[in-house]
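Let's start with one chain on its own, the form predicted on its own, as structure tokens.
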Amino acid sequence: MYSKETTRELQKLTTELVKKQSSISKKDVAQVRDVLRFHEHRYYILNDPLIADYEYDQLFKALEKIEEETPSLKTADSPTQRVAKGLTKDFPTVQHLVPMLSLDNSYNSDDLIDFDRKARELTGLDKIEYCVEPKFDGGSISIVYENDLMVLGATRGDGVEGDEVTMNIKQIRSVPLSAKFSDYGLQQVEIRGEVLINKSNFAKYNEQLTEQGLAPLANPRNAAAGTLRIKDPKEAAKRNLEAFVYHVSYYSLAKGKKIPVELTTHSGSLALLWELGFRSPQKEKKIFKGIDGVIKYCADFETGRDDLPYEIDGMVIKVNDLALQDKMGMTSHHPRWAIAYKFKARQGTTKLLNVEFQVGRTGAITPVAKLEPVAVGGVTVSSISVHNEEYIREKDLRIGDAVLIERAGDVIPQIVKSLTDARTGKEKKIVFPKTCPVCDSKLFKEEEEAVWRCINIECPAQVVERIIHFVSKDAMDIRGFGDANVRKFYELGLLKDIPGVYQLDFNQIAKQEGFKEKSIQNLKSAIETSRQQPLHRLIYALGIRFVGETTAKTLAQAVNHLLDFKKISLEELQNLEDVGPKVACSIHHFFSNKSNIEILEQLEKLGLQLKNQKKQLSSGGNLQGQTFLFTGTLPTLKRSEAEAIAEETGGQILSGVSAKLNYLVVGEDAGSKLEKAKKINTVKIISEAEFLQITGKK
């Protein structure tokens, strides 16, 4: 529909309009319409957006404002007068029973106050009761039930028609295959929801992709929406999708039945869905009389959004009384009785200026994109890892490209894609180095990996990164050391390897600028304290490839002394919990290396604990050899605190549900681990209170 030349022109025009959004005037109306139509085509038909959602919303609102102020400028084909059309043809197309309209968007309290004013004018009421709930950031779905059975699942599509994805939705365990709608006199029901991948499952899935040498997914939203269109339902099931349902869009009553009282308010419909076994935002929703409480709740929720197990991009405010909703009606674009309060933008467009290559502690060469600084998600982003050579090729990144970036919560920013249609021809390909950028050694890449590595273990960059990892919080936890001090001491020749951490010349350090008596004393104290760290922390601190904190605990429990691993075979290593062939090879290789053994022997002479100091069992009970796993949010304990209690009483922490698991401790919002555990008769499913009781902590 759009040629490359037209695309470049419209993308350039988009940039100009976004910059002047606050001063867009009547003379710009035709251009704004053209730009919005173009981006609708990119989003709804090509599934390949070229601007951030926030930027599109601002242009849409600017056009809407002008058309409201000057109705004569409104045209029948304006983007404000219809739901965007167009669908991909990969799946059968089905029509929704009721169109899935968009929501009007707001970005500040003034917008919410204005929404409330209009709502009061339309209803004639002094105060309106609102229901407020999270705006989930995933893939929108519509599900139809007939006679209590799920008969159809579809994507949002263009709002009128969507892709039929019933089999993929059936893979989502939080969506019941049947629900007793008939108990409420309902015969046919259409409900709306959002499909998500929680942050934990998303991170694990990306780790799997990285291990397979594949590029990680950019964000949970794209991953969820893309999974809905995977043609193999078994493959879709691997991604552990979840779904929140938040709206009953249509229902028909069985003969002689009356409308149930639950369907007279929006909050009542959420409660009904919850009672029927759906995951509705029943716990997250709040009811407010008037707009003041709504504004405060939205602000509070935005502050805590990063603590949620899933991504949200705002809050949805709905008039709670469904009769009032009907009275207020809809425009062709959105309902008048609802509005989305959008949180600060976490996407933005910027320019890729250059790529630098960094060397990690395992010798991995990581390309880092240098960007024109851009504010995204409350921070200014100027550097982003672009992972490896294959990732660069897959995303077709070039120096000079305009790129779309995203930052979700505390997640490291990612380049979603390059805007290839906006290229001018001046962009340059990124050339991956053949030698180490620090020590100039030749780089190597294993056949099944995507990462190039410097295998010179004396490479200065690797040495420094290994020391930084060793002193870090989750490893030996030597406070006051930090990245900057490690680098400074190394450059000054005061620190050359890991044992050197315990052999620092503090007289020389005292001569350096910024090091006073108190800071030196604090560093000395932290180093001394670290000598008593338990064995599992030392194992993790060594930076053995593929050995994380959980595996380090497994290894620590397997031996009486760390150097016992010199005599343990590959086969014996693989018999340990969660140690597969790749991890076993890495551990075996580490303990077969003479230099590594010499380092460990030095550390023991320097007073570090290489023996497994088995903790005394608490008087509350002997759980020696019992295995534990925790899922969901516990009422009073942090996950790390609960794991520490289990280990203190002789228990062992597993990383996944299996026949080897004795206890699954379940908190709020438990996920797939609970479902899996229910299928294994030997696993005892207990609450936090029961856990504290058996460990003697209650």
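Numbers follow the displayed sequence, beginning with 1. It should be emphasised that the depicted structure is a prediction, and the values quoted were computed from it without experimental measurement.
In what follows, reference is made to the form predicted in complex with a small molecule, a form of this protein that is not presented.
- Not displayed here, the small molecule is kept clear of D321 by more than 4.5 Å at the level of heavy atoms in the predicted complex.
- The closest heavy atom approach of Y246 to the small molecule in the predicted complex falls within 4.5 Å.
- In the predicted complex, Y341 stays away from the small molecule, with no heavy atom inside 4.5 Å.
- Interface residue remark: R156 is counted as part of the site for the small molecule in the predicted complex, having a heavy atom within 4.5 Å.
- Site residues T123, G290 and K327 are none of them in contact with the small molecule in the predicted complex, judged by any heavy atom within 4.5 Å.
- Only one segment in the set 98-106, 594-602, 485-493, 571-579 has any non-hydrogen atom within 4.5 angstroms of the small molecule in the predicted complex, and it is 98-106.
- Of the residues given (Y540, F181, F628, W337), W337 alone sits with a heavy atom within 4.5 Å of the small molecule in the predicted complex.
- Shown without its partner, this chain lists P216, P367, G360, P134 as candidates; in the predicted complex, only P134 has a non-hydrogen atom within 4.5 angstroms of the small molecule.
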